[in-house]
Ligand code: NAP
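The chain below stands alone and is given as structure tokens, in the form predicted alone.
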Amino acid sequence: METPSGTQSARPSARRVHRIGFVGLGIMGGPMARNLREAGLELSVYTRTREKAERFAAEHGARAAATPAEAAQGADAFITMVPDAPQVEEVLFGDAGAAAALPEGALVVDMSTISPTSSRAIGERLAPGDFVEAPVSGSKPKAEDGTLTIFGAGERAAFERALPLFEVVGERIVHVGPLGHGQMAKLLTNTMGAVNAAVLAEAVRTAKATGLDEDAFLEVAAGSAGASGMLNLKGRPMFEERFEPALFKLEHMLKDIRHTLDEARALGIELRLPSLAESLYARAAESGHAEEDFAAVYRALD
């Protein structure tokens, strides 16, 4: 099911779409939009902070839109990269929303991470075959160099229409299945990462209390059964208690865990470890660390 993709050394151009409306210029959305513009696409950008959109437009030769509807005018495809379903719905269907302004047959691509239930509901409000969900996985550097993992879902024909855009921003591009399946796969993998980060926080806290040498512990752990990408990414920041939001905010990780738990409950499944992780992330958020990197789950152990 995996679809071969291009590389950033020879960034591909979109074959079927050229004019793009793009909403969301945050930690991930900003680099993604830049890569689309550098691939030669016409870009109209919108974000809640008008100055950010204008600055991006000036730096990258794009057009800053005053509303989502303005960003959608004349677009072949409209991409959303926002925090959660309420924001996606507001951008598409709210006052000055994009859906009513899009040309007939324009493709809507939601690259946010939202609940599968919400994604299917959004798809039902749009024309059949014109909506693709495509949450992404990867750090800010992967967004910058166009090597994200993309969890595509929706009708195969719509996915194929969006594929040239995905090839610009992603490296591992997979059509997971019908609407909802891409979001479910993304939520499950994020929740796995959240649980991993929580147990890593407990290990680091215990190692520090024991007086273990930081460098020695990280070196031997990297060659052990406990080795993981999370250890490589977050082990040292946890030791040094550095939680600037360079990768993924704690409040967003907490949101994803809660979506996963909700979807599992609807299936009659109890997820025990994610439930424990949810309590730790919630405690850290309530203690004032919601805006920090999700590695600040470490603070829940204070």
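When you see a residue number, it is the position in the sequence shown, counting from 1. Note that this is a predicted model, so its numbers are computed, not measured.
One more form of this protein, predicted in complex with the ligand, exists but is not displayed; see below.
Checklist entry - Does each of V23, P83 and K255 have at least one heavy atom within 4.5 Å of the ligand in the predicted complex? => result Yes, all three are in contact.
Next on the checklist: To test your reading of this chain, name the stretch in 56-64, 267-275, 237-245, 43-51 whose heavy atoms come within 4.5 Å of the ligand in the predicted complex.
Outcome noted: This holds for exactly one stretch, 43-51.
Checklist entry - Can you pick the one in Q87, T117, T189, Q73 that has a heavy atom within 4.5 Å of the ligand in the predicted complex? => result In short, Q87.
Next on the checklist: If the cut-off is 4.5 angstroms on heavy atoms, which of these, M28, L261, A39, A69, is the one near the ligand in the predicted complex?
Outcome noted: Only one listed residue qualifies here, and that residue is M28.
Checklist entry - Does the ligand get within 4.5 angstroms of any non-hydrogen atom of S139 in the predicted complex? => result Because a heavy atom of S139 falls inside 4.5 Å of the ligand in the predicted complex, the answer is yes.
Next on the checklist: Even though the partner isn't displayed, in the predicted complex is V91 close enough to the ligand, meaning a heavy atom within 4.5 Å?
Outcome noted: Yes, contact at 4.5 Å.
Checklist entry - Looking in the predicted complex, any heavy atom of R34 within 4.5 Å of the ligand? => result R34: no, not in contact with the ligand in the predicted complex.
Checklist entry - Taking the ligand in the predicted complex, which residues of 272-302 have any heavy atom within 4.5 Å of it? => result Counting only heavy atoms within 4.5 Å of the ligand in the predicted complex, no residue of 272-302 makes contact.
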